[in-house]
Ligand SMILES: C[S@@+](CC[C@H](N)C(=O)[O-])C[C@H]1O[C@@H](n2cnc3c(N)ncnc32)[C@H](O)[C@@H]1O
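Quick heads-up: it's one chain on its own, the form predicted on its own, in structure tokens.
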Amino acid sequence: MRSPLFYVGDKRKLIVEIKKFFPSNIRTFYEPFVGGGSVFMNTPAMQYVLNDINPHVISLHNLLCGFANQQDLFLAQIKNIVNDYNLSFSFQKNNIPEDLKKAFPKTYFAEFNRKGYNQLKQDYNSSNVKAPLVLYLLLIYGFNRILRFNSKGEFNVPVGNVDFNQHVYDAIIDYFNIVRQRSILWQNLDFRDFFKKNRITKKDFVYLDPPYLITFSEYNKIWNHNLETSLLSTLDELDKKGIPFAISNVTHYKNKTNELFLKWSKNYSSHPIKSNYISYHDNSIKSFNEVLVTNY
């Protein structure tokens, strides 16, 4: 199952490998860095407490959860915006002129959508009420489907060579089908506040996919050595209480090594993970090592 947020750093391609190390019976699944949500979508548990420090990420999850029982209404509202801004919609129709396809055989989605997308972005940024549905469409039609804002709080991603296609629709429907059947509590907290607020027990399970200290994606800009240290100390406290956890991280990237994480992980079980980490700053696969560390 793939998240309909198409999040940078999404674990969809790795979930089969990662999940084999998860406990078989989970009462409450806690995820303090939920991102797009592909891990929780593919992990069975009795209930879920899911968190992200990014309020826009949580607003999009709440948007989709709110439409889980109204998928026809969701699609109708999507189509209204798409039609108003003349965006491509290959899921149901081919509205791109053939001459544009011939003139721009590899980038015709971007060429066709640019005007409408820029207007949608301008309208979103100038509105006093930020509509999550509009933000979702900006995500879908934006470059590399990045969720990025400038210092003024304005969404500032350029148009991408993408469109609302069958894959997007299928991801949305899968998400609706999953969240309808699950008890989910969404939170928008710093991870330190997340662990203070929630009473996690030995019957629960914590999965963490924090920003990576030594890589360069947009998400990782918020992370630093002090936060990494605080997180690892928190995990040590969970271990003392007998609470099972698993954490994903990159130990080597290009010429960098996360010495802090490597030293800490020697106290636990470390499992190499075959990954394909790609930064949107550099769309080539680099030399790096990704691991999953567990305390069981």
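Since we're looking at a predicted model, the values are computed, not measured. Don't overthink the numbering: it's just position in the shown sequence, from 1.
Omitted from view is the form predicted together with the named molecule, to which the following refers.
Q: Only one of these stretches, 100-108, 209-217, 75-83, 162-170, has heavy atoms within 4.5 Å of the named molecule in the model of the complex; which one is it?
A: That would be 209-217.
Q: Against the named molecule in the model of the complex, would L189 count as a contact residue? Criterion: heavy atoms within 4.5 Å.
A: Within the cut-off, so yes.
Q: Does A45 reach the named molecule in the model of the complex if we count a contact as any heavy atom within 4.5 Å?
A: Heavy-atom contact with the named molecule at 4.5 Å: absent for A45.
Q: I'd like to know if E17 sits close to the named molecule in the model of the complex, meaning any non-hydrogen atom pair within 4.5 angstroms.
A: Because no heavy atom of E17 falls inside 4.5 Å of the named molecule in the model of the complex, the answer is no.
Q: Does F29 reach the named molecule in the model of the complex if we count a contact as any heavy atom within 4.5 Å?
A: Output for F29 is no: heavy atoms all beyond 4.5 Å of the named molecule.
Q: Are there residues in 39-72 with a heavy atom within 4.5 Å of the named molecule in the model of the complex, and which are they, in order?
A: Heavy-atom contacts to the named molecule in the model of the complex: V39, N51, D52, I53, N54.
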